[in-house]
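Read the single chain below, which is given as structure tokens and is the form predicted on its own.
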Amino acid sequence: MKMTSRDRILLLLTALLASYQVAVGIDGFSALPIIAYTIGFGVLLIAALLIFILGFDVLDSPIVVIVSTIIPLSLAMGLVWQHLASFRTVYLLFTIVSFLAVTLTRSISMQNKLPVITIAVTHGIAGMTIFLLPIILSMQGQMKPMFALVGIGGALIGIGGLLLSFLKTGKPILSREIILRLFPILLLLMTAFFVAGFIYG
């Protein structure tokens, strides 16, 4: 599907926000969250630029599902490491195993539902972590109320990841045209909520 000027503007704004977050927005964090957030927003930045330059056809690459999994996994890992110290090791193992599982099920041709289940579980758990944890922390007063915006970004990244993943499996939730029309908007909105939440939260 042909990319419109509006799509390119939205993708460019997404890339600018992601680059700001990588360069400025994660100062003062400890080592692992900095690494996790840098990976997450760095992949988001590269993805937005690749789609901007190459168009929506780049989403047809088999590696897209694997790459799209890195973003929620790394952002969720950063949040858990910062705010749930007792779950650090467990979540780190979940992150590693989930990424390897997605990579394996995407690299080997399978006729069963395992690839779809793997994607759904990975995106579901990571997305819910990013969605719920900032909101709970804000409600408990451990973080400023605006930190809940990170949770809204988490909800959007979960929706975007699942739409793209099921599109790649050949079982799209919505039509390809609708998904591609929504994708640049989702990317920009989730990035904006993430950046605002980290800045003002």
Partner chain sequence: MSFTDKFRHYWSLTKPSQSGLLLATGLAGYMSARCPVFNIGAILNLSASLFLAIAGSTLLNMWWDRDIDAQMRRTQKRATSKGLLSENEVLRAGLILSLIGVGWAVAMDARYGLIVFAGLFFDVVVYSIWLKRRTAWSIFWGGISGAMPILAGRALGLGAVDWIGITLALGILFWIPTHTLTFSMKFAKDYADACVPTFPSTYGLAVTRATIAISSVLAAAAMVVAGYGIGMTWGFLRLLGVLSAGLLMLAVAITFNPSERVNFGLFKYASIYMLAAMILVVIEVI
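Residue numbers count along the first chain shown, from 1. Quantities reported herein were computed from a predicted structural model and do not represent experimental measurements.
The same protein also has a form predicted together with its partner chain, omitted here; what follows describes it.
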If the cut-off is 4.5 angstroms on heavy atoms, which of these, 155, 66, 49, 146, is the one near its partner chain in the predicted bound form? 49
Answer yes or no: in the predicted bound form, does its partner chain come within 4.5 Å of a heavy atom in every one of 26, 34 and 53? yes
So in the predicted bound form, does any heavy atom of residue 58 sit within 4.5 Å of its partner chain? yes
So, residue 133 and its partner chain: in the predicted bound form, are they within 4.5 Å at any heavy atom pair? no
How about residue 185: is it within 4.5 Å of its partner chain in the predicted bound form, going by heavy atoms? no
is_contact(residue 137, its partner chain) in the predicted bound form, heavy atom dist at most 4.5 Å: no
Of 28-42, which residues get within 4.5 Å of its partner chain in the predicted bound form if you count heavy atoms? 34, 38, 42
